[in-house]
Each structure stands twice: as C-alpha cells, then as structure tokens.
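One chain comes next, on its own, written as structure tokens: the form predicted alone.
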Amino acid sequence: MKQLKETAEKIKSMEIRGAGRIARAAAAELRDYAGRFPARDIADFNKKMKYAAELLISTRPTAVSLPNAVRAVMRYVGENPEEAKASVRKLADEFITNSENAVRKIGEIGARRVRDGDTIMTHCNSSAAVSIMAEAHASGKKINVIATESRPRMQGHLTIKQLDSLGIETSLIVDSAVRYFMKDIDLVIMGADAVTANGSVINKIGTSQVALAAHEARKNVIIAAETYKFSPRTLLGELVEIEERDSDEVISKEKLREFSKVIVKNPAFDITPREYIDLICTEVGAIPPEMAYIIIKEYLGWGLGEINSNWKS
C-alpha cells in the first residue's frame, strides 16, 4: 500500500510527468501492486485492485491516457487471485510495451512530414513530439527547433535537454514570445494529453495560443498523440476536466500573503480547437482531426453501446 500511495503522489505532484509516462507508471504500479498484496479470494483481490485503480485515476483528471491505461489493465480475468495476478501482469506489460513502441512509430510516421531545413516550434515536453524531431534528425535532415519554456513547470527545459543530447540545434524562448518567432518557423509539432471525439486537443496550457498564432501565420500544426490519449467519453458530449493546480507553482504562498485582493489561477491545460490543427500523428497513421472518432471506435474498441453501458463506471 505504501508504494502504491507513493506512486500516486509522484504522479499527482508531477514528479512523474508527461501523459505517456504517467500511463506507463500507472500500468506498472497496478502490476506490481497486484503482485505484492495477499488476497483471501478473488472478491478480495478485485476489491483491492478497484481501490488502487480509483486512487491512480484520481491523481491527474485531465490526462486521458491515465484512465485508459488503468482500464486496459483492469480488464484482467481469473477465477482465483493467482490467475488474476498473471492476467494483470500480462496486460500491464503489453500496455507498457505497446506504449513505448507507439512513440517510436509516431516518430517514423511524423518525420516524413518534416522537410530538410525546417525550423520547428514545440511547446511543453512530449516524448511523441520529440520522437518525430529525433527521427527527422537521425534520417539526415537538418532541422532547428524553437522550444518554449512552458511555464510555470518549465517542461520546456526537459525538451531542450533531450534535443541537445541528440545534437539538434535548439533555441529556448519565453512563452510570450511565440507570436514574435512564428514568422521564423516552418512547422509546429506538439504533443497531447487528450484528444476529443471531434478532434480538439487538450494539452499543456499555452498550446492553444501557439496553434492560434500558427493559424494566423499559415503554418501547419502537427499533434503527436498515441491512440490511448483519445477520449471515448467525449463521443457523448462529456467534457474533459481541466486540472487546476496549486498557486504555489506560480507564486509562493508567503509572497501571495502580501496581497489582500489577489488570487492565482493556474490551469494546467487548455483546449485547442480542431480548426487550428492540420494533422494528428498516431502510431496507426496520420489523420485529420475530424477522423478522431475512427481511432476511438476502431483502435480503442469503443462503440456508442459500450460508452453508454460504461457511462457510470
């Protein structure tokens, strides 16, 4: 139980961050948790697994990859605890492997859309987006990247570290300079924490501003997203919850106490309309945002009937 709660806290505090990483961490923790605790019978096992699943899902409400990963593992079967544990282990390992392979495949598919000599702008830190740039660079294309700081958590610093280690020429800019530098770029590549059924993208706060500036400047926007980041529940109009994080990520509580009329708003994500997105690059192919429903139905296996039956689950 202690390790389960520690993993949940690491996801909640963003010690483990990035939609793909938290999904893999949750799957691994469910696998390890199932292997650690003794269970009297299958009912007891199911009860404890349900508790673990609900705890992990509650940590980051916006990242659809997290509940999708948990649901993938919670499809385990077994008539007794040992059979169920073996099923959990198999499903978790499959999810983690498929997730890692998806990032590689997205890199291969997305790199075809990058031209030799392109200057690319990116926002926040996305392993899928970085994979595209890494593959383009590895294939011999000379590219430059302009990366935002991505305040207040500064995920852009992780991005420039990764790109620099690959030998890719990179510039770091403050978030408010996006529109100023948009004239100098050829392509925008960003990740996603969730993709809705109509093709809109939920990602790190500031993503919509980058996409809007790109739309104004007639620059293409590519979103790199694994299929498990698509949100089935949005098919019936359910909104993706936007996480509001603590004010001390923006200003210290001590400093904030100096003001009597100031409150801090710190949404972690925003929504980019599909009209500002040219292509969503997944591990099963590149699609226009309008085809997001196909991914949910064909690759996640969610039809309207299953969504209705699971609406309250």
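We number the residues from 1 along the sequence you see. Please read all numbers here as calculations on a predicted model, not as lab measurements.
Although it is not shown, the form predicted in complex with ligand RUB is what the next lines describe.
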query	finding
Proximity to ligand RUB in the predicted bound form (heavy atom, within 4.5 Å), stretch among 70-78, 196-204, 109-117, 209-217	196-204
Contact label in the predicted bound form: Arg17 to ligand RUB, heavy atom within 4.5 Å	yes
Contact label in the predicted bound form: Ala128 to ligand RUB, heavy atom within 4.5 Å	yes
Phe269 within 4.5 Å of ligand RUB in the predicted bound form, heavy atoms	yes
Contact flag, Gln155 vs ligand RUB in the predicted bound form, heavy atom cut 4.5 Å	yes
Partner contacts for 26-65, taking ligand RUB in the predicted bound form and a 4.5 Å heavy atom cut-off	Arg60
